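What follows is a single chain, given as structure tokens, in the form predicted on its own.
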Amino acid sequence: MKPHVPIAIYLSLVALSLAKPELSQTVATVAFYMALGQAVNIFVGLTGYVNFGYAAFIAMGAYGLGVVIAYFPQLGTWTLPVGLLLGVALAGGLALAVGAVALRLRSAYFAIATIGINEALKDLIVGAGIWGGSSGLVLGYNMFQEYGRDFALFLSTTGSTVLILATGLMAVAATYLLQSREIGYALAAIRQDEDAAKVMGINPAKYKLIAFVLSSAFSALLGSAAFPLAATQVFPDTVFKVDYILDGLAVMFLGGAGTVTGAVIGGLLYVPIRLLLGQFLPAYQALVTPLLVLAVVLAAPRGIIGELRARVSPKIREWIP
């Protein structure tokens, strides 16, 4: 099983964004949903557990970089790597804290436990006035001061797009490595029958927590790229939107849960569908996610890649990651 297809797609998007800067925003939008689907897939697709807390991880990545840019201008250009690391650390710490407790629950109970994470964290930030509270962080002036005008503009356009694409590439590599090693077999056993996996000597809590934290880290990188860099602002109402969770699930199910290529193909199809609906039927755009998930679950429960792998010969199947 080789990750050649998703890597080729991502590298093509990188080349397109660098060769045609005017298409950078379009490429960034497509790549964001592809990478978001991959982040969701690393946990939901590989374990079978549904997590509704992804908006909180995206927000932690956004605030991590935003806080460093806003409050530590003396770091200059070092605010970028330090902020990215802080965002990943915040998301990873949150995932560890939540996962240590919630991952002891099963299936629907775990999903219910994660529903309140986003709103609880948002209310804490707004109510306590942390990191700008309800006013958020407006970073345009800070970025001009710390990076210089030209580099700041580069970061908010091409730079943010490249970071999203890099996150997607790392998620492809992580998914492939997970599936091809011991942890991949352990997660597959947990997804099929957790009690049977325990009997086989597998520690479900350990492997689920690894996937949970890794998934949160990629979500945080997407949050850093999309808000402090691309939008140059971080507002609670924006970064904690539940839509991101539903979009990530839709992309994953559309392409094929648990596959390396599924989220990439899902993202390539999902974004044009949303754009077309937004252009011709703007009042119904919000319906695309639930209807798409429902249609895929009913017509092709294994997703596009999953159904394709199930219908081809074994020799061809091993080349469809």
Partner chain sequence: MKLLKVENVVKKFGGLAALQGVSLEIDKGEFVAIVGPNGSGKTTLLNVINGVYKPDSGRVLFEGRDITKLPAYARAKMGISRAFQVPRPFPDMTVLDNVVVGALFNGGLDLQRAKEVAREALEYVGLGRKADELAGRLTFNELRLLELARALAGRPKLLLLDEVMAGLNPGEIDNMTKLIRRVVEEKDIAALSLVEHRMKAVVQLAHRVVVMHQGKVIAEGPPDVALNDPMVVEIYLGKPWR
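Numbering follows the first chain given and starts at 1. Owing to the predicted nature of the structure, the values given are computational and were not obtained by experimental measurement.
Beyond what is shown, the protein has a form predicted together with its partner chain; the following relates to that form.
- This chain is displayed alone, yet in the predicted complex one of Thr238, Gln145, Gln233, Ser180 has a heavy atom within 4.5 Å of its partner chain; that residue is Ser180.
- A heavy atom within 4.5 Å of its partner chain in the predicted complex is found for one listed residue only; from Val162, Ile202, Ala226, Ala152, this is Ile202.
- At a distance threshold of 4.5 angstroms between non-hydrogen atoms, Ala196 is in contact with its partner chain in the predicted complex.
- Contact annotation: Ala186 falls within 4.5 Å of its partner chain in the predicted complex, judged by heavy atom distances.
- Among heavy atoms of Trp131, none comes within 4.5 Å of its partner chain in the predicted complex.
- Using a 4.5 angstroms threshold between heavy atoms, Tyr176 stays clear of its partner chain in the predicted complex.
- Considering its partner chain in the predicted complex, the lone stretch of 203 to 211, 90 to 98, 163 to 171, 77 to 85 in range is 203 to 211 [heavy atom distance within 4.5 Å].
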